[in-house]
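The data below hold one chain only, encoded as structure tokens and taken in the form predicted on its own.
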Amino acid sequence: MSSSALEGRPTHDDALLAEIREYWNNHIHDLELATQPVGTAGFFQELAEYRFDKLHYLPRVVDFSAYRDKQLLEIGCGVGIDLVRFARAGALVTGIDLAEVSIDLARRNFAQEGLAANLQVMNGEALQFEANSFDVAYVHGVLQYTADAQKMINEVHRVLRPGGEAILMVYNKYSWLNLLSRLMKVDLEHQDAPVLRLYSIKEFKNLLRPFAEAKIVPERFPVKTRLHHGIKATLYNDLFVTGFNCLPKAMIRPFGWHILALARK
């Protein structure tokens, strides 16, 4: 077979990316918590309130107001909940996502907010931007679901300007939540996704080799669930959450569910 014929054939990576795209087109993050019609102002407000209740650490660790007039790229922007926060504070935002449904909803979200954004369907492992295009890249909760996390990291590094900042997050394989999931036999959120990889802090640092520096911040400790119900949820909310959060922070910090990296090119 000729090389030209081979170039046109779909690869295993193409098939996996197509599977990932299909999954996320059918699984809007936190959709099950919404009571308002999809795409309405109330819908986006509900998702934002739930997200920042569950991830109450995020505005403390990530200063959404610090990037006025900066070119900021979010990879895996979903319906734009975090990206709206950056835009409200004056960042010049671009958001991409592999899922067409997410980008359509993100456009509606920004239109209702009266905010500008460049929103595109795009593969974060093959960004269609010139090198040195952005001051900031935000990749929160995406690397663990992508086909090749190192490719995405390398692309983030490429499109950042010298001295540019990357804010990235993966799930911690040695976390309280992963252990609890195994003990209680309750699946992790989106455990049925085509790809879900958990990382140790060492493995995450290894992914970040292209960057000149990277600060690792384990975060996301137990908060009461609104997603699960029944006896397991009651025990979790009333006993586990309260007990865990009484432990000394120095003891539990390495076991946060989220491993956040603040990296610089």
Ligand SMILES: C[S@@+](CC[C@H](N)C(=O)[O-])C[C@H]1O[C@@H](n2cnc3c(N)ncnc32)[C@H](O)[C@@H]1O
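Quick note: we count residues from 1 along the sequence shown, nothing fancier. These numbers come from a predicted model, not from an experiment.
A second form of this protein, the form predicted together with the named molecule, is not displayed here; the remarks below concern that form.
- At the 4.5 Å threshold, heavy atoms of H56 stay clear of the named molecule in the model of the complex, well away from it.
- The named molecule is not drawn, but in the model of the complex it has no heavy atom within 4.5 Å of G95.
- Looking at H157, you'd find every heavy atom of it more than 4.5 angstroms from the named molecule in the model of the complex.
- In the model of the complex, no heavy atom of V136 sits within 4.5 Å of the named molecule.
- Exactly one of the stretches 85-93, 142-150, 172-180, 128-136 approaches the named molecule in the model of the complex with heavy atoms within 4.5 Å, and it is 142-150.
- With respect to the named molecule in the model of the complex, the three residues R51, A99 and G124 uniformly fall within 4.5 angstroms at the level of their nearest heavy atom.
- Among the residues I75, L168, A106, L72, the one placing a heavy atom within 4.5 Å of the named molecule in the model of the complex is I75.
- Residues are counted as partner-facing when one of their heavy atoms sits within 4.5 Å of the named molecule in the model of the complex; in 248-265 not one qualifies.
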